[in-house]
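Coming up is one lone chain in structure tokens, specifically the form predicted alone.
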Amino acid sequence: MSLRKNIAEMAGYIPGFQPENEDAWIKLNTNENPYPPSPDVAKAILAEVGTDGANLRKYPDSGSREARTIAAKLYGVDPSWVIMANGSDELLNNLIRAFVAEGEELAFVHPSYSYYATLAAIQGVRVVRFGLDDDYRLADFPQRYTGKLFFLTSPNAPLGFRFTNDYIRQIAGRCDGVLVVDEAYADFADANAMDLVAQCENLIVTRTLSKSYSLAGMRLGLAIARPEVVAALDKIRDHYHLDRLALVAAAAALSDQAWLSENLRKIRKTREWFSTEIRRIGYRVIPSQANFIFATPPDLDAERIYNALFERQILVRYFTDPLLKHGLRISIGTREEMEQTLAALAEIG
């Protein structure tokens, strides 16, 4: 048995640590929403299951028509501009499959979502990484980027800042290929790039329902793109890629914008409070537009802080990457969880 060379040699993506007994931990390492989804989600799932589960014997709607229609109305586009997905990761994978042939080139920012590199390795495509300057703009980005695909994470993960729409528009104009704005955390930000899809022919926006809609356990995402792109992605996705329960959950969550807005308000308020308080004990914090912050301790020894928090059963994210090892990515939990985390950080010193 002989594996493809690139598969045999690649390193797999390593997600954040998942403890066996999650209830015994303060879990601030995977950017999950600390609040439950809209109550309408559970009602929709239970209604779909019914008393005897008979609906589950039938295949789901392969076109995700209801969820696409709701999303289209929400974002002010025709449903032909919307595609639903099994998490935004499915979209990232299929965008590479659609636009980048084996041996061709894609690019992304470093640091940003490390899964881009894994997906590129699976498809056997070449990777170029662009760094950031002191103003959080792309360093050494060419006047014309000739690669097939460029992933731009905004707000950036793990740093938390977002690129302005004017700058995103500039980047799109300098790309010969496709610019994908990965907006996994955009609902927590003051602005987003959704309106640019209609303005820039080569721009696609991807979203996830995992973070802002509290549906990480359902694996739901979507993209807004021109109809010809949506049609291409429809060709290559799994034909029943979303199950019946995920589809009704998506429709219910997207329909309850009041619930979303209240959860976002609480998280933003806690984010600003925690950012202020952690600075008071000497940490440097990048102003965040996401549901996490990237914080650097006074002695720059983030690994020491990570281990001390782990001993106290508080999980945050530590990266061994040389560009990130000085800091910690800390998800924003409930006010109570953040107060306990702050007290632990003050005690650790």
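Note that residue numbering follows the sequence shown and begins at 1. Nothing here was measured: the structure is a model prediction, and the numbers come from that model.
There is also a form predicted in complex with a small molecule; it is not shown, and the following applies to it.
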Given the stretches 81 to 89, 230 to 238, 195 to 203, 164 to 172, which is the single one in contact with the small molecule in the predicted complex, using a heavy atom cutoff of 4.5 Å? 81 to 89
Go through 248, 264, 96, 157 and name the one with a heavy atom inside 4.5 Å of the small molecule in the predicted complex. 157
Residue among 219, 226, 268, 148 with a heavy atom within 4.5 Å of the small molecule in the predicted complex: 219
Examine residue 184 and determine whether its closest non-hydrogen atom to the small molecule in the predicted complex is within 4.5 angstroms. yes
Would you classify residue 141 as touching the small molecule in the predicted complex, given a 4.5 Å non-hydrogen atom cut-off? no
So, residue 255 and the small molecule: in the predicted complex, are they within 4.5 Å at any heavy atom pair? no
Contact test in the predicted complex: residue 214 vs the small molecule, heavy atoms, 4.5 Å: no
Complete contact of 188, 289 and 331 with the small molecule in the predicted complex (any heavy atom, 4.5 Å): no
